[in-house]
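Shown next as structure tokens: one chain only, the form predicted on its own.
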């Protein structure tokens, strides 16, 4: 089988398209690169869905935590505390068994016991909590002069938030938020170890990397391939977020613009 035929058969196997049987012997480098790349579709899906949806929840939670009202501030503080204070790995298992136990009473929760939805929900809440803390710190760091200038121009309420507070918050938080986005995509590998099952062997990238490592007794080929894919994803995130960062800081002099610094977290 040529490499092109391998790509045609296995490129979208993780989505249920193409050859259903995995290779059993004579594993080629092309097969490993193709199947692990196929599994990366799920990792990108988990990270993208959690990042986009979690951004809006994180903004709301950060505003709630900065609120003067007790009934807004305390729920936001406890939300951040619970999801930042417990390991993501434990959150996966707890959520899976919670959805599984409630499936009998609430039938539509049965869909949440599958990885494509349940794991995405856990990542969504987890990254929202970490991002909310980043945004909250940025809110506390907004110069008072900016807010006073907005008041002097007659901006109040939603207009002041949309035109002054929110853009300044994003500008201050964006470098740290970029690191959170990178870590989130790396954290999607934990879905493989969680209780959420991969139906019909439609696993993520680590699923296929582990399969080849077990079959060939040589982890030094599939795992570096997996690392290479995540490096490409990281470079893409840095590039996209860098463009957004330049957009947020376009009004500042060159020497005052916030530089992007990649500071990976070793452990959550």
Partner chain sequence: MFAFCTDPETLSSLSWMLCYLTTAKHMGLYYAFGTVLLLLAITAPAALAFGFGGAVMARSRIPPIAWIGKGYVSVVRGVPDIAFFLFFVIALDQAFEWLRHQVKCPDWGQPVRQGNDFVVCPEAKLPLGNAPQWVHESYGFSLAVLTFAIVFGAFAANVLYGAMRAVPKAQIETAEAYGMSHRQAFRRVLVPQMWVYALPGLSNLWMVLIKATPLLFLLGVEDIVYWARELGGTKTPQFTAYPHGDWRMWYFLFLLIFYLCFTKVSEVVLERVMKRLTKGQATTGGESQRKAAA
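Source: prediction; values computed, not measured. Positions refer to the first chain, counted from 1.
Beyond the structure shown, there is the form predicted together with the partner chain, which is absent from this document and is the topic of what follows.
(request) Can you work out whether the partner chain is within 4.5 angstroms of a heavy atom in all three of 86, 89 and 186 in the predicted complex? (result) Verified in the predicted complex; spot residues all in contact, yes.
(request) Mind telling me which stretch in 154 to 162, 91 to 99, 168 to 176, 136 to 144 gets its heavy atoms within 4.5 Å of the partner chain in the predicted complex? (result) Result for this chain: 91 to 99.
(message) Is it the case that residue 220, even though its partner is missing from this view, gets within 4.5 Å of the partner chain in the predicted complex, heavy atoms only?
(response) Answer yes; at least one heavy atom of residue 220 falls within 4.5 Å of the partner chain in the predicted complex.
(message) At 4.5 Å between heavy atoms, is residue 206 in contact with the partner chain in the predicted complex?
(response) Yes - in the predicted complex, heavy atoms of residue 206 and the partner chain come within 4.5 Å of each other.
(message) Taking any heavy atom pair closer than or equal to 4.5 Å as contact, tell me whether residue 82 reaches the partner chain in the predicted complex.
(response) Yes, residue 82 is a contact residue.
(message) Can you work out whether residue 226 and the partner chain are in contact in the predicted complex, taking contact to mean some heavy atom pair no more than 4.5 Å apart?
(response) Output for residue 226 is yes: heavy atoms within 4.5 Å of the partner chain.
(request) Could you check which residue among 67, 216, 236, 28 gets a heavy atom within 4.5 Å of the partner chain in the predicted complex? (result) In short, 216.
(message) Can you work out which of 115, 150, 190, 109 has a heavy atom no more than 4.5 Å from the partner chain in the predicted complex?
(response) Going through each option in turn, the one that passes is 190.
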